[in-house]
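Just one chain is shown here, as structure tokens, and it is the form predicted on its own.
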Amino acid sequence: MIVGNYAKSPEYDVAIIGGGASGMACALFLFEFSKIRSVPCPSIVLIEKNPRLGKKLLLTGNGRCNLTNRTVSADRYHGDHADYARYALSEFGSDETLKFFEKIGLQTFYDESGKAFPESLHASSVLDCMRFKLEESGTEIMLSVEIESIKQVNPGFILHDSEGRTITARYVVVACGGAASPFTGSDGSGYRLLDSLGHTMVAPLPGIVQIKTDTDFVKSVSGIKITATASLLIDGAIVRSESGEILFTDFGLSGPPILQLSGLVSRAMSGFSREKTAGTPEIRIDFMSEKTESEVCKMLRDRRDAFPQRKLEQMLVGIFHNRLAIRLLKSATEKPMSMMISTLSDNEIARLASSIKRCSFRVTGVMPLTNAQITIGGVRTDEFEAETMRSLICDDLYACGEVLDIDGDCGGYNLQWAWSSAYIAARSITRMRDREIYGSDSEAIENDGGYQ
């Protein structure tokens, strides 16, 4: 049942704050566990501040919703205690994710890179399947309702909204995202709620975001895309390399390889990251990664010999976009572009080859959280139990998804964390309720109640 404000009863077994990916998944898992065990489903309320569910989900994967990745593993995740994600991922990984979505009516496929998408290639298909199943489950959905405070009572919680109304719940799950893309409702409100209950934060930073660089080069080629390899260097040492389509912008660099490197840049420039080293980060682009530098030199000399009477501005025509070609040539020679190709010396050819293979950009920062796809940082994971997502500070309080200090690489890993952490939270709540209802020695607990 979906309601615009409050449902008939303000008392629930479970209140889930946040109607995004992890919040919706948590409600659906709670329902599934009750079906598996043939027991009544707990009364669940899903509370969303936006007028509709899943606003941020609709934007993922460029609107196609990259659900997960075939190569999900713990080393794809980061945070002050990155290993925290290992247990949840091992219990509910990419295979379980696609089986779950198939069960609620969504057909999916893996592309050649290992990313999983809905067959429709529309994120709305994912949201619709989740919404329809939520309606069938009997979950109460409160839209345009913002929770401003949570008070723990014994047992359970009292939640207060911005209109001064209250909801009571035996268990609370905070699933309201991080602080990235605040226009979607992911504005850090979950941090404030958890802080009020005694939890502490790792300061949020932008993740999966564009990188800002010196603008001398990039402004002249702004809007150009090229398939290349980008490497992040810190203090002169290569930290990570990524290949794919790179986009030049007025302020710096974008595109999948750049977004993949941006988390390391955020951490390195934050001033408190364990990954920070001396020196300024630098992005180095290899425009012809399939060739060695000597092979590029030979190719350029062959072009000089083949087209000696052409103008310098035509030297790289047929290889690069004209504006990029001119910019690379100007980095290798001060000669006017109207001069003949035959005038290029071997030293200038070598400098041009170096520019093509090792074009460097000094990093000045990253774009802000408003531009970021995910949040780095969040609520400290050493304050939650990895096997349950249950607070170690506040009884019967849970958290899942981006609100926790776990962030994944670009490519479906962050949504997988949403599904995995929601699964663990829902399973733990179900087990806790079973102990209350049946007793710890009941058959439902001994046989694990049909849980995976």
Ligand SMILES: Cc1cc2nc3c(=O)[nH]c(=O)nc-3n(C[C@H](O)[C@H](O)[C@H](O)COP(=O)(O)OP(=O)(O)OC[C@H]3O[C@@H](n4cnc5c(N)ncnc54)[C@H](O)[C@@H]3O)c2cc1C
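These figures come from a predicted structure and were not determined experimentally. Counting begins at 1, following the sequence as shown.
As for the form predicted together with this ligand, it is not shown, yet the points below apply to it.
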Quiz item: Which of Thr388, Ser43, Asn50, Ser34 has a heavy atom within 4.5 Å of this ligand in the predicted bound form?
Solution: Asn50
Self-check item: this ligand: the contacting residue among Ser289, Ser124, Thr71, Gln373 in the predicted bound form [heavy atom, 4.5 Å]
Solution: Gln373
Quiz item: With a 4.5 Å heavy atom cut-off, would you call Ser181 a contact of this ligand in the predicted bound form?
Solution: yes
Quiz item: Using 4.5 Å between non-hydrogen atoms, is Leu415 touching this ligand in the predicted bound form?
Solution: yes
Practice problem: Would you please decide whether Ile17 lies within 4.5 angstroms of this ligand in the predicted bound form, comparing each non-hydrogen atom pair? | Solution: yes
Quiz item: Is Ile429 close to this ligand in the predicted bound form, meaning a heavy atom pair under 4.5 Å apart or at it?
Solution: no
Quiz item: Of these, 365-373, 223-231, 309-317, 327-335, which stretch puts a heavy atom within 4.5 angstroms of this ligand in the predicted bound form?
Solution: 365-373
Quiz item: Does any residue in 143-159 get within 4.5 Å of this ligand in the predicted bound form, counting heavy atoms only, and if so which ones?
Solution: Val145, Glu146, Ile147
